[in-house]
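Subsequent text provides structure tokens for two forms of one protein chain, presented individually as structure 1 and structure 2.
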Structure 1
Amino acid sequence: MTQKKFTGTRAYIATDDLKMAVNASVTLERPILIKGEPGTGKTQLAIEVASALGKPLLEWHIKSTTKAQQGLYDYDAVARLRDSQLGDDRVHDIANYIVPGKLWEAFESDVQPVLLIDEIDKADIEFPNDLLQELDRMEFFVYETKQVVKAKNRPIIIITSNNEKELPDAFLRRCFFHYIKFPDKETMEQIVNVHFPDLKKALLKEALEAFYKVRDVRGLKKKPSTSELLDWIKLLLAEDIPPEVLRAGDSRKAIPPLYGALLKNEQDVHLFEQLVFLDRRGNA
């Protein structure tokens, strides 16, 4: 049976390169590693791929304390000890205390699932290497119960990274890689139109102009992302800010109204204030 291809969704504007990358990873039966600035839709991609292809979605969100073993299963020794003290008959079967992880759930799915491994770079450097064998063989061994868990259907695996740390070469070799470039104005206009279909063109034009001027300022510690632009536009609409106010919001002359949706630290706000001061002094 031919695999249905990912062509994007009405709610998610995917570039041709991104659609091609997703479909290539499915064809190769390899995980796709997605990198890009925070807020460029890496996590949302997995949700939209599952929706578009009609697949169940399993999400494994990685933290700094997450271990690879947790994706396979956990053995709840504390619960077993408690039950033994209470005289519960469940203690005689260790399988009652094996808690399947997201990889186990994906392997046991009767329908090919989409498995999201989100922000893999947050974990310890050895985390990706600890999953190599399981992702290659699509199986793992449960030592406590002496059983082998094999994938009924090879999952579509989407792995995201914010580039906080380098990933091991052995892991990278097993992935299809795609970097989501920050959207240009034309693509961003399409994205905004999905979320705000009734937005007036004049306000959209000035909002995008102001937004990209903010991003172009040198020295920003954190450039505003797509999600922050959408939040900002939502506030502009709620406060009924007219387009001409944004037109005056040149990054060299003034901080944009409701800038708290775009600038997220005091260093960047201070940088804008300095630019305003220097511009005014230069024109005095």
Structure 2
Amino acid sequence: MTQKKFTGTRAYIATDDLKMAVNASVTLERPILIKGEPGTGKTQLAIEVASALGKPLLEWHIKSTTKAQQGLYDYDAVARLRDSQLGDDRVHDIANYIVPGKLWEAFESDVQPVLLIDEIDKADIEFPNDLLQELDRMEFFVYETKQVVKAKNRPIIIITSNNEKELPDAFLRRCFFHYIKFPDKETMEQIVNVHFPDLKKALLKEALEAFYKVRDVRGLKKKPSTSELLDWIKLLLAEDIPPEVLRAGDSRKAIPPLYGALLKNEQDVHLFEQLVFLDRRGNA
């Protein structure tokens, strides 16, 4: 069976290196780890891969309290205890109280699914280590029922990380790796075009210019990213702001309108205002 290749979708522009990494992972049926600045479309990638390859998507969002075991299965001892009190017949079969987790679901799936393990770095430091065997062999053992759950089709596993914690080497070795770097202007133009096909050229040009200018400001706590740019353009369109307004430096409105979509914390806004002020004074 030949796999379809991932080439990006109508709503998602993938760079060559990203396509290569995804295709390698799909072909070899090994997990791929995606890192990158927040808002560069890491999570979106899984959704797009699933839709491009026509496969079902399973999402497992990781929180700081998530344990690896929860991805495999949960044994609902309390429910069983309750049933035993009520004299329910179900109680005799322990399998009735085993609740499959996301990995189990992915392994059981009749068609090869795409499994997204989102923000793996949020979990406890040992979390990735606890999944080594499961990701490697794509099988695990259920102690309660003495059964081995083995993947019918090795799922395409896409793991994202925001780099809040370093991941263990043993885990990294088992994955393909891709770092989504911040798109350059050309790619960004493509991305915006995909989302707002009817955008006026002039507005796009000015918006991108203003956007990269904001990104270039040193010392920002959180640089605006692709998703923020898209939000901002949506706002600009909604407010019907003419492109000329965006041209900074020649008017008192040096701060881009609706900047709230781009700068997300007070210090950044403050810093930006200060810089603009200094700049204006320098020019005067």
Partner chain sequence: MLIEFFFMLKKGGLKPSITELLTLLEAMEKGVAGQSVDDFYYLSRSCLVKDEAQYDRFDKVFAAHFQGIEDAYKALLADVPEEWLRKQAELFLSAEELAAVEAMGGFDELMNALRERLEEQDERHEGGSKWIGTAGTSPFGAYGYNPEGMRIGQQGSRHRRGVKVWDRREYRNLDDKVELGTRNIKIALRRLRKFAREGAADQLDLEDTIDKTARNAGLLDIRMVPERHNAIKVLLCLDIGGSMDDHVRICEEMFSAARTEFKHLEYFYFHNFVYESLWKDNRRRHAEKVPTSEITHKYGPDYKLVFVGDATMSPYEIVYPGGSVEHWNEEPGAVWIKRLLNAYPKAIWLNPEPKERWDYTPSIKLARELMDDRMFPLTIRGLDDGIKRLN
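Here, a residue number simply tells you its place in the sequence of structure 1, counted from 1. Definition used throughout: the rigid core is the maximal C-alpha set that superposes within 1.5 Å between two forms. Everything numeric in this text was worked out from a predicted model, so none of it was measured.
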Between the two structures, is it 1 or 2 that corresponds to the form predicted on its own? 1
After a core superposition, would you say residue 227 shifts its C-alpha by at least 2 Å between structure 1 and structure 2? no
Residue 65: after superposing the rigid core, is there a C-alpha shift of 2 Å or more between structure 1 and structure 2? no
Can you give the CA shift of residue 28 between structure 1 and structure 2, in Å, with the two forms fit on their core? 2.5
